[in-house]
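As a starting point, one isolated chain is supplied in structure tokens, in the form predicted alone.
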């Protein structure tokens, strides 16, 4: 797909089938030069409509106008797209608006032009626009035997009065990131009979091979031999082998900063012996979204080549019930030497992550760690599907991760990690329990469990993406299913590390 940013182009010279015109409420439509020019294509119908609807422009408010071939040789449709109040137009909403344009352009459309109000700086927001548009253009129906007629999208044209010299570089960067997001969404959408732990290993190996990354794949036997008994306990009920994948991008040498990304990779989570209710259990194929996003971020980072070192460590397994499965009340020992009482086998994500966190600290001594996991339903209760939950230490690093999310249009909301939460995961028989003895603060007690495996002084943030990794229903700006949550945040964080955050 091509992306062209055109400065000062005449509407008559435009060679796109669909023209999307972003509109801010309160615009004086009749005196707006761009609106008047587009209105000529509609024989005045657009301005007549806007004169009767002066408050038009609410977020994702839409009016289409079909264009006669006599009026324009190429443009077949104009879409007026509300962007909401300029004061509230943050990066999250701008990416959402661009995604709407990508999703609603028409399945047979090969080329789209996007015109934004003068108040929106295209040069500053180009990456959000490109990534957002391609977010919306994502097609999730790969397993349908009867595919609808769907043309390959060819060109996005973004019209701008101010096009800076480095804008093409930023477009190229956005295309790299968007491509990785698409791959992550495709993987997470796959059914669990296809996206097995071995399938995820293959996904990681392809990335490593194409980008010449160092990769190690530890088998279940090796995981046990290394003493990662907490991680191994989760895989006992499955006939699928457990794998622990470690990838390395070395962009800064021994003196540069090292960022470790630890992703939860449960390719299907039935809950184990503590089995989940049957309703919506099919969604649990997405419980490896954290690992997939770490792999996708690593691919983009390795292509962008920042001067940082990045380690990705992802345990990959299923969590199923069987005669071999771990049972509530079992006690297991991990690489750290600590013991865990398994109160509930459905709190398995924190188990696999605990040994992965220990491993990266022992072997790589990273400056920063971010773990990414669809860890708790409690974060969905707290935040809905509008933001990822963040916890960690120190405060300065949490703020840097949140800032990276804000820059890329991903909302991240900090939740507290009070010392008192540790009291809720005490065990009478082991060092720590994997589930809270209370009824509240499920997201925080899960993070508090992970913190017990993070060394004192280690900079660490936990991202609970259970709230953002999956869309439960089709949205105007996003297809039902995987979202690719946190890929852009992780890439932005790595790039910021190069700049010395």
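Values in this document were obtained by computation on a predicted structure and should not be read as measured data. Positions refer to the first chain, counted from 1.
Keep in mind that the form predicted together with a small molecule is not shown, yet the notes after this line are about it.
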property: Contact stretch among 393 to 401, 182 to 190, 166 to 174, 281 to 289 - heavy atom within 4.5 Å of the small molecule in the predicted complex; result: 281 to 289
property: 4.5 Å heavy atom contact, residue 447 to the small molecule in the predicted complex; result: no
property: Interface membership of residue 317, the small molecule in the predicted complex, 4.5 Å heavy atom rule; result: no
property: is_contact(residue 461, the small molecule) in the predicted complex, heavy atom dist at most 4.5 Å; result: no
property: Residue 344, heavy atom within 4.5 angstroms of the small molecule in the predicted complex; result: yes
property: Contact assignment for the small molecule in the predicted complex, among 441, 435, 50, 67, heavy atom within 4.5 Å; result: 435
property: One residue of 422, 303, 276, 307 in contact with the small molecule, assessed in the predicted complex (non-hydrogen atom, 4.5 angstroms); result: 276
